[in-house]
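One chain comes next, on its own, written as structure tokens: the form predicted alone.
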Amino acid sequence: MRAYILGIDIGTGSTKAVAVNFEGKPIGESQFYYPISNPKPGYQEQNPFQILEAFKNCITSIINKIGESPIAISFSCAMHTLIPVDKDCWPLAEMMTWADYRSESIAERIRTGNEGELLYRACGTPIHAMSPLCKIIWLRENIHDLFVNTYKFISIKEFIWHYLFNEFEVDYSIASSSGLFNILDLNWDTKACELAGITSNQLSNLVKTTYLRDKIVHKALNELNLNPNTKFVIGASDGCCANLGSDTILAGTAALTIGTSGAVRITGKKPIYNFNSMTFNYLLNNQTYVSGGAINNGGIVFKWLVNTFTNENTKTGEDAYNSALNQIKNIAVGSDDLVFLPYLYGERAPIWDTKSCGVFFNIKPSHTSAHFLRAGLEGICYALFDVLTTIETSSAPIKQLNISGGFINSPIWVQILADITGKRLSIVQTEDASAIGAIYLAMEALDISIPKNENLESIEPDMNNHQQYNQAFKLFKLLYTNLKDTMHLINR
């Protein structure tokens, strides 16, 4: 018998499953993708049933590959999703993703109002259009019939959990990213619910991230071809799971992830508050906070760069990316003074500006497509360094970054990040850190020893390059400050 635990990471663009044995060794993985729709400017929606189907396919694919059911299945999930459902958990509208910005005026109204900072300190979630709190208020003010007829306001994880158990339940971690949960009292926040115009009865029952269930409903058991003894652990949000999966628990370390978007996160026993930069504070468990900031523009910008500045029409996917990365090897640090603001999709931390936009500055005749590619990667890394310096200002110095995400497969991108931040980078988990973190929560729930990471690969910064990048970073910061009003003007 090949005993293993399955960690499932429900992301924005895909759902990925990673199977790990009790020694911590990956023995299989599967991944299924689904589309995103943008029916109007500022809208970003997905069909919950397509995500549910990907979830099912991940499980059945792994079982078919390995030949037997997992001992347990645990969840990591993207934050800030919202689905209004009826009493049978049937969606009354498409799911809003974290990147849905239709409620940005509501977020600004709350953020600049008298209750803004108090609400942020109670709930830990940045007051931004991504927040389910703002999304619910938007539904109340713009689609009132839908709002009135909604039985529960839930996330995509709750939707899948209901499919399995016919229950409305949510873990502390996903709840703490809603803007409706009090991260100190560990309960739905009365004032936030009043602001949204709902009661706590319209939200799911709260449980710990190690909450364990079995005996899924008969339909799901048959569709997933599972052993009826398989356990389920509700798990946490993707960011919190990534900190656990990348072994970022000790002081002086931070997790840095670049996927479609990106984030920098630290772990501690207390929230880290910074209202101006709106550092987030989400729960890994009822005693541990994951604090930090997320950016919108990570791998999704690199994909745009490759599509725009290369002639790789005959190549797709990984081949096109590798070819683009090879082009920048001979471009000097700083891209010969070409600077890129990577805000193609607006930005979250630390500027929180949905009206910001992408900018290439100081374009010269000597700049080639390879310069634009390198400046693009440097711009993404500057944005993450901006978040990192904000976190350090509000907490304590960080000596090491534990990194994860698809970018770790590119040595040049990793070295650029090390040189810009001036930090030692450690590749803690080459598999999906969020799925691994979910597995560790399952191991804790099942009283199985969590394996230690061994033989870590470290990357040291070139401090001469770091000094050059520090000067360019000052220009990066000044450039946004000087262009902010112009960005807002053209956005209108």
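These numbers come from a predicted model, not from an experiment. Residue indices: 1-based, along the sequence shown.
The discussion below concerns the form predicted in complex with a small molecule, not included here.
When contacts are judged by a 4.5 Å heavy atom cut-off, T421 does not count as touching the small molecule in the model of the complex. Taking the partner from elsewhere, N322 is found to have a heavy atom lying within 4.5 Å of the small molecule in the model of the complex. When contacts are judged by a 4.5 Å heavy atom cut-off, P271 does not count as touching the small molecule in the model of the complex.
Remark: F168 does not count among the residues lining the small molecule in the model of the complex, judged by a heavy atom distance of 4.5 Å or less. Among the residues G346, G405, P84, P350, the one placing a heavy atom within 4.5 Å of the small molecule in the model of the complex is G405.
Of the candidates T354, S410, N296, Q327, S410 is the one whose heavy atoms come within 4.5 Å of the small molecule in the model of the complex; the others do not. Partner contacts here mean any heavy atom within 4.5 Å of the small molecule in the model of the complex, and among 142 to 150, 296 to 304, 361 to 369, 274 to 282 they occur only in 296 to 304.
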